[in-house]
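Here we start with a single chain on its own, the form predicted alone, put down as structure tokens.
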């Protein structure tokens, strides 16, 4: 079985049609309600994937849904003895194989942050783990990033293959697909015939050029000491986030943000327990039952967001940065706060004070 295939550009729909008959497929496409621009949606015949620019939303919700039911419950009264009540609990989870086509390297890298938190250590999130294990990624080589991209600044790059099952390289006339894992190899034959030598050579050239790109100038990897050194510099943090609206959109579009809340909802003695995305940028997120809030203002909340990604997380997880450099928080911020500037100036001012 060949580990490579070529998909003619005008036959992409037919290839995805064949694939979707075997496995549920997600692709970047225009939002059906127009709210988010390009987001990852379940593929349906006739859908036109958007592969020429980065999606507004990452495929995070494919593995970590924006809202999911963790369990359903029901209290059942005994008709012969109303004082007696039985409790029925359904915590079953149906997980189907999924195939994400057209993700970017930064999208896939974002799940590494989730993996450390949800699948390692003494407590494992079975909901995330099962869905993660059942999802394959066909990742697109990034030919050119935009002004908000900075994947190289956090130790990645436009040709990063880590976490991908298939590698999709745009060339003249179509896409060369290469299997990077045994799971990915199973689906290559559904996508197209083997590429020609010229097509393979063209793909290698694109990959080599992408690997040489430096996307993002500042090196933000070792920022933890700088953050600690200026943690109490309230004037600095005030100058960085004075225009912040506290809307939380930066956390919702971020591939590495995993905050959530759990609620029980229902009526008539039955209901369900839901997990929904939450945001550390919301004032209620850290509000305690006593009424005390350890992060009462947007200054503390944004400082925590930066500190978590570039200091707390790498200190806990062997230097791993909880940021993939996708730039979505920069593009989506209504007041154009640039996290690169915040972290870089943090380092520069810390060095100047040393």
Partner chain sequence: MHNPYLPYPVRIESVVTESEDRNQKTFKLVFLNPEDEARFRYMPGQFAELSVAGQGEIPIGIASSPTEKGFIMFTVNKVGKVSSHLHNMQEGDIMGVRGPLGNWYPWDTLEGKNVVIIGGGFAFTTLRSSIVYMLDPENRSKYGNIDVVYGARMPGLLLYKEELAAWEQRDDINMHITVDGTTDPNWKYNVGFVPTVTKEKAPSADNAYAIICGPPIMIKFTLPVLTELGFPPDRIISSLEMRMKCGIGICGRCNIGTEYVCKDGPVFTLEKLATLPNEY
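Numbering follows the first chain given and starts at 1. The model shown is predicted, which means the values in this text are computed figures rather than measured ones.
The form predicted together with its partner chain is left out here; the points below concern that form.
Site annotation in the model of the complex: the residue of 217, 264, 78, 209 reaching within 4.5 Å of its partner chain with a heavy atom is 264.
The single contact residue among 198, 221, 249, 71, judged by any heavy atom lying within 4.5 Å of its partner chain in the model of the complex, is 71. In the model of the complex, at least one heavy atom of residue 285 sits within 4.5 Å of a heavy atom of its partner chain. Residue contact check for residue 312: one or more of its heavy atoms lie within 4.5 Å of its partner chain in the model of the complex. Contact between residue 316 and its partner chain in the model of the complex is found at the 4.5 Å heavy atom cutoff.
Among residues of the shown chain, residue 238 is not one whose heavy atoms approach its partner chain to within 4.5 Å in the model of the complex.
Of the candidate stretches 319-327, 23-31, 286-294, 50-58, only 286-294 has residues with heavy atoms within 4.5 Å of its partner chain in the model of the complex.
Of all the residues from 81-95, those having a non-hydrogen atom no more than 4.5 Å from its partner chain in the model of the complex are 85, 87, 89, 91.
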